[in-house]
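There is one chain below, alone, in structure tokens, taken in the form predicted on its own.
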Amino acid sequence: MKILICIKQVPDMESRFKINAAGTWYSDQDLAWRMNEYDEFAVEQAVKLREQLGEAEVVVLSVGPDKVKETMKKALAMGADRGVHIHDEASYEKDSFQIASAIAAYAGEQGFDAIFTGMQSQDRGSAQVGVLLAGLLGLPAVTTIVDFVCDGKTATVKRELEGGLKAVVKLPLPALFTCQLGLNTPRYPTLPNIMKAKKKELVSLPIADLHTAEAMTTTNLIRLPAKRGAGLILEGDISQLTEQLVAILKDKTAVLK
């Protein structure tokens, strides 16, 4: 059995973000980088499936500049067998369809039985790459899974819906799954596994060697949210608070006139 995990390197969400000079994305200067949180659940599920089945190969793939290899090494230390890096220094300029088409150009000839991705990336948050990849490969896809059972031929999964509801889906492999918080608890790479990861295969493929579709969306301008002023603390009994609040709504907003 062959299993593919697609991961993305994203900035630590605690970083201080700045917009780039073109105003189309964030600047990558002075940022700390890490594996996309949702992708960690995908890595864990793929490794658990291999451990369950015994005979399987887990391949981790990422699109991006050279620095994404550091994040890929974490996936290798978590248990992936080898890595495929699609090298693209301008990956941030590509939309979800272009990224999915690049992955499909590689994965289409590999015969993967199961593909795991994160539900979405923490920086772009479009939740599109996984489902677009499934469409390009002609595979069924189940999104936002929070439970996974597989016998190597079919998978039974639960997917999270709005309102806390869960739907049970049973489908044959090959198939693609996008992973949500609650699916599992990602393992922490141990020092011995970190050392082993350094010896695992990690190959780079230039994105120019793969077919990439034309962009379907463009980003014209992004901006940080406007800074808000300090809040007001109202004091007094209920009648006093009501009077103060009404006065504020009249004087400082258009809610009451």
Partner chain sequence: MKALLIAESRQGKLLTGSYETLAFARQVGAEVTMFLVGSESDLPKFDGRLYLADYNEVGEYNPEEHLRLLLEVINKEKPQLVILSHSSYGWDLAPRIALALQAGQISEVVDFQGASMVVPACNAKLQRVVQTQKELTVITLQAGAFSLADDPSGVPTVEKLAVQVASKMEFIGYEEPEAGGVDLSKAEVIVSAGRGIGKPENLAMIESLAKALGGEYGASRPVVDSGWAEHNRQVGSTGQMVSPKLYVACGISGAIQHMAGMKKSEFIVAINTDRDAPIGEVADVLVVADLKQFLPALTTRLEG
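This one's a predicted model, so the numbers in the text were calculated from it and none came from an experiment. Residue numbers count along the first chain shown, from 1. Note that the rigid core is defined as the largest set of C-alphas that superpose within 1.5 Å between two forms.
Heads up, the form predicted in complex with its partner chain isn't pictured, but that's what we're talking about next.
Though the partner is left out of this view, residue 54 does not reach within 4.5 Å of its partner chain in the model of the complex, counting heavy atoms only. In the model of the complex, its partner chain stays beyond 4.5 Å of every heavy atom belonging to residue 91. Mapping the unseen interface onto this chain, residue 220 counts among the residues with a heavy atom inside 4.5 Å of its partner chain in the model of the complex. Using a 4.5 angstroms threshold between heavy atoms, residue 106 stays clear of its partner chain in the model of the complex. Just one of 224, 191, 203, 208 comes within 4.5 Å of its partner chain in the model of the complex, counting any heavy atom, and that one is 224.
Listed residues 99, 119, 78, 72 were compared with its partner chain in the model of the complex; 119 is the one with a heavy atom within 4.5 Å. Partner contact region in the model of the complex: 226 to 234, out of 46 to 54, 192 to 200, 64 to 72, 226 to 234, criterion any non-hydrogen atom within 4.5 Å of its partner chain. In sequence order, 119, 120, 122, 123, 124, 125, 126, 127, 128, 131, 132, 135, 136 are the residues of 116 to 137 having a heavy atom within 4.5 Å of its partner chain in the model of the complex; the partner itself is omitted from this view.
Annotation for residue 248: C-alpha shift of 2 angstroms or more between this form and the one not shown, rigid core superposed.
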